[in-house]
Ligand SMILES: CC(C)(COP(=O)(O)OP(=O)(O)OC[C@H]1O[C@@H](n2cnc3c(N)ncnc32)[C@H](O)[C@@H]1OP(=O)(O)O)[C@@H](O)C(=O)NCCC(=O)NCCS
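Take a look at this single chain in structure tokens; it is the form predicted alone.
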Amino acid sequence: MPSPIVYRPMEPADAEAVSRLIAESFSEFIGPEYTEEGRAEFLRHVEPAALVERMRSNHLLLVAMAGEELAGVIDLRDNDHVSLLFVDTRHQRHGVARELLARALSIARPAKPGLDRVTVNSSRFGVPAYERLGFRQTGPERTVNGIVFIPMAHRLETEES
């Protein structure tokens, strides 16, 4: 029987494992469509020190743990933008991303009254997963600093609904 998933805030001690999970997933599924510049830019963004720095600023980072194993991570910037959402391949399609998003929003909504939508700049690979989470494309594909992305948004139900 697999370990139950425990969701909690990321701690500085998690930064190495979180960075490794993101970099491995990125390299396998997303990196090949980026330029060399884009790959380097993204990997700088997920270095352990950069993750810890964001944790201490305007980012909410939550991890999903299956026992001692990191199953996934979400980084929500300013309570309304999914900066990172990665799930280890062994845990994909088991609701980990959905639960990470739900838990992040349960923290973000009280912190940002009136929050009615969340955005993400998705990779091409991530679009179907984000669509399953309720996101819809809001603009054309773009490339900035070699990073290819599709802007998407998820309209949130109002608290009264």
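Owing to the predicted nature of the structure, the values given are computational and were not obtained by experimental measurement. Sequential numbering from 1, following the sequence displayed.
This next part talks about the form predicted together with this ligand, which is not shown.
Peer 1: I need the one stretch from 94 to 102, 62 to 70, 111 to 119, 49 to 57 whose residues put non-hydrogen atoms within 4.5 angstroms of this ligand in the predicted bound form.
Peer 2: Partner-contacting stretch among the options: 94 to 102.
Peer 1: Heavy atom to heavy atom, is Ile74 within 4.5 Å of this ligand in the predicted bound form?
Peer 2: It does not: once this ligand is placed as it appears in the predicted bound form, Ile74 has no heavy atom within 4.5 Å of it.
Peer 1: With the cut-off set at 4.5 Å between non-hydrogen atoms, does Pro32 touch this ligand in the predicted bound form?
Peer 2: No.
Peer 1: Do Ser25 and this ligand come within 4.5 Å of each other in the predicted bound form, heavy atoms counted?
Peer 2: Yes - in the predicted bound form, heavy atoms of Ser25 and this ligand come within 4.5 Å of each other.
Peer 1: Would you check, heavy atoms only and a 4.5 Å threshold, whether Gly126 touches this ligand in the predicted bound form?
Peer 2: Judged by the heavy-atom cut-off of 4.5 Å, Gly126 is in contact with this ligand in the predicted bound form.
Peer 1: Is it true that Phe135, Ala153 and Leu156 each have at least one non-hydrogen atom within 4.5 Å of this ligand in the predicted bound form?
Peer 2: No, because Phe135, Ala153 and Leu156 lack any heavy atom that approaches this ligand to within 4.5 Å in the predicted bound form.
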